[in-house]
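First comes one chain, alone, set out as structure tokens in the form predicted on its own.
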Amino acid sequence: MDIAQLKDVFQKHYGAPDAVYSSPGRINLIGEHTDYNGGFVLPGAIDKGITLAIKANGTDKIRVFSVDYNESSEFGMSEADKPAQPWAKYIFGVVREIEKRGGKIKGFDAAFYGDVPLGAGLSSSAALESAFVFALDDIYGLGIDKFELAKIGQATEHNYVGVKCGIMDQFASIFGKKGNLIRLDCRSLEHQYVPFNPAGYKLVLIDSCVKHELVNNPYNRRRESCEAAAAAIRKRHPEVEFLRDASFAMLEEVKSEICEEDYIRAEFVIGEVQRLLDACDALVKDDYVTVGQKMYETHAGLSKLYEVSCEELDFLNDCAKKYSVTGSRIMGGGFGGCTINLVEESKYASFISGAIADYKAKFSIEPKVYDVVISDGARKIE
């Protein structure tokens, strides 16, 4: 679908729209499981997202049509009016969170579609929240600063969807900048742009099309391991609030005081914090070979130390090595999903065809392929 077709859909349901907005999904180049350890992440907005047409309707009702679900939803704006459709709860939540902050919203009509692949770890939900919060701030002249727009999206997840997410996804969707990644400090929420201009390279995701059942809260267990290791170090080094503050030498001092599982989890996180900083230094120098090396190191750590990989993702990582891909790693929490790959354009075709054939022969599943380009964040299109 394109914007002209979206406007036709809106016209069919609600008349002519007043404006069109778009907000992107995101990738995270490096920096996994660092957020809850007070570390850094390195996301970027991508050229796939949510596009919406919108117009105030002069009532106290919100009417929205989802092109992708071919479904309409109508609801009021009080807390008791929460809609039944899961996708509409994101929009309702954004409205409620704006109003909690004193913003005055009136009824509106909207229609939207997305080209963020669902289930690929590209944060289609953050794109949806960011598109609506940006549009509503603009059409009602609310004057909300960009950081608060991102926090509204995060609060929507927490309070209306039931997902206790960090702020990275919404932050990248709002603050994205073409040709740049965002080094976000998850403790202070300070950020800086890091140039990403990989001339001669492509960024591509290979979707394993598997998601393994998670039992016994593996994410919570890993977080507990990190907190246990940080607490042991803090007894000797009171300045260590999170593992982000610790060194390998500090971890070694407490090796006999914590279990092996907690030790290797902390070993990964301390290494990952440094890898991200090293990757940022390399990006400033346009040294994509070093960036790729750090991506492979991250995958190895996520697989062997943090143990959040799976056979399919390790196979795709091995495929990347087989076809001389510059860098490859799991992207996201693990146990399925995608690998993110930095590949020279001259090797792209052989890598894609080879990885698809090899994976299909091994697992009888054809992986999906998504090329991504680092792009701008939430914006008004027309």
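The first residue of the sequence shown is number 1, and the count goes up from there. Quick caveat: nothing in here was measured; it's all calculated off a predicted structure.
One more form of this protein should be noted, the form predicted together with alpha-D-galactopyranose, which is absent from this view; the next part is about it.
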Exercise for the section: Quick one: from Ala155, Met168, Ile233, Val95, grab the residue that has a heavy atom within 4.5 Å of alpha-D-galactopyranose in the predicted complex. Expected result: Met168
Exercise for the section: Could you tell me which one of Asp35, Asp68, Asp47, Asp314 places a heavy atom within 4.5 Å of alpha-D-galactopyranose in the predicted complex? Expected result: Asp35
Handout entry: Residue stretch of 344-352, 52-60, 24-32, 319-327 approaching alpha-D-galactopyranose in the predicted complex, non-hydrogen atom distance within 4.5 Å
Key = 24-32
Practice task
Answer for Tyr296 alone: is it within 4.5 Å of alpha-D-galactopyranose in the predicted complex, judged on heavy atom distances?
Solution key: no
Exercise for the section: Would you check, heavy atoms only and a 4.5 Å threshold, whether Tyr219 touches alpha-D-galactopyranose in the predicted complex? Expected result: yes
Problem - alpha-D-galactopyranose contact in the predicted complex: Gly332, any heavy atom under 4.5 Å - result: yes
Completion exercise
Across 240-278, the residues having a non-hydrogen atom within 4.5 Å of alpha-D-galactopyranose in the predicted complex turn out to be none
